[in-house]
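You are given structure tokens for the same protein chain in two forms, set apart as structure 1 and structure 2.
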Structure 1
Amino acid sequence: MILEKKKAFNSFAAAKGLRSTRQRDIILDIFLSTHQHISVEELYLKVKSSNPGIGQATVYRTLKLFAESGLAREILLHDGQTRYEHVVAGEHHDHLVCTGCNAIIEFEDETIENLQKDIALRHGFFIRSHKLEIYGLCSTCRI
């Protein structure tokens, strides 16, 4: 799956007239190895630990390209912090976001999905995409 994502991104970049770069490949490898919602700063720190020559601006621009290509999705949180997550074709999930520690819990619920479709249908609305983020306190922060 990672190889497919790399090929898809490289095809996207080539179609935009962008040449392949070692720095972008390194950032892509590190991003694809993460399994969390990651900020530019967090990804930059991971990249910098093994590749100190790659700057934060490069990481930022590259993450924007990942989002533009459909490889990543931007999530803007209540604190103004943008995080990025992997996009998996055909997969959809929603988020519980802790306003105490900024933890993000992914969940899927067929009842919520069906309710959204029913509401859209009642209003003659065609859903192209949606996101649901519920803000509150996680079990750790409630203590």
Structure 2
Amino acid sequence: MILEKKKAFNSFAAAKGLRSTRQRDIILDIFLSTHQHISVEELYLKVKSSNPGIGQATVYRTLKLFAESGLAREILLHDGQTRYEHVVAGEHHDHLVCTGCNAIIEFEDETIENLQKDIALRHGFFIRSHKLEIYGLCSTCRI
């Protein structure tokens, strides 16, 4: 799965005429080894710990490329940091965001996805992507 994603990114890069660089390979490896919703700063720190030479700007630039390639998706929560999550082909999930402990619970619901398509159809709208975030308190924090 990780190998497929690397291939997919390499195809994207090739198609765009981008050069293959050590930095991008490293950042891709580390990004793929993380879990959901990592912020740029967090990823940068991870990268720096094993590769002190890699600069922050490169991490920013590279994550934007990942998003452009479809490998990652930018998400904006309310803490002022852009986060990136993994995109799994043919799969979409949404988020329950706990405002108590900042936990993020993922869920999938096909019915909601289909209803969105209906709505878009009704408005003559062509869907590229979507984002559903439900804010509140998780089972632990509501007590």
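Quick caveat: nothing in here was measured; it's all calculated off a predicted structure. One-based numbering along structure 1's sequence throughout. Rigid core (definition): largest C-alpha set, two forms, superposition within 1.5 Å.
Novice: Does the form predicted on its own correspond to structure 1 or to structure 2?
Specialist: Of the two forms shown, it is structure 1 that corresponds to the form predicted on its own, while structure 2 does not.
Novice: Using the core for the fit, does the CA position of E42 change by 2 Å or more between the two structures?
Specialist: No, because once the rigid core is superposed, the C-alpha of E42 moves less than 2 Å between the two structures.
Novice: Relative to the superposed rigid core, does the CA atom of L18 travel 2 Å or more between the two structures?
Specialist: Shift of 2 Å or more: no.
Novice: So, does A120 move by 2 Å or more at the CA between the two structures, with the core held fixed?
Specialist: It does shift by 2 Å or more.
Novice: Superpose the two forms on the rigid core and tell me the Cα shift of S129 between the two structures in angstrom.
Specialist: A shift of 3.0 Å.
Novice: With both forms put on the same core, how far apart in Å are the CA positions of G100 between the two structures?
Specialist: Residue shift at the C-alpha: 4.7 Å.
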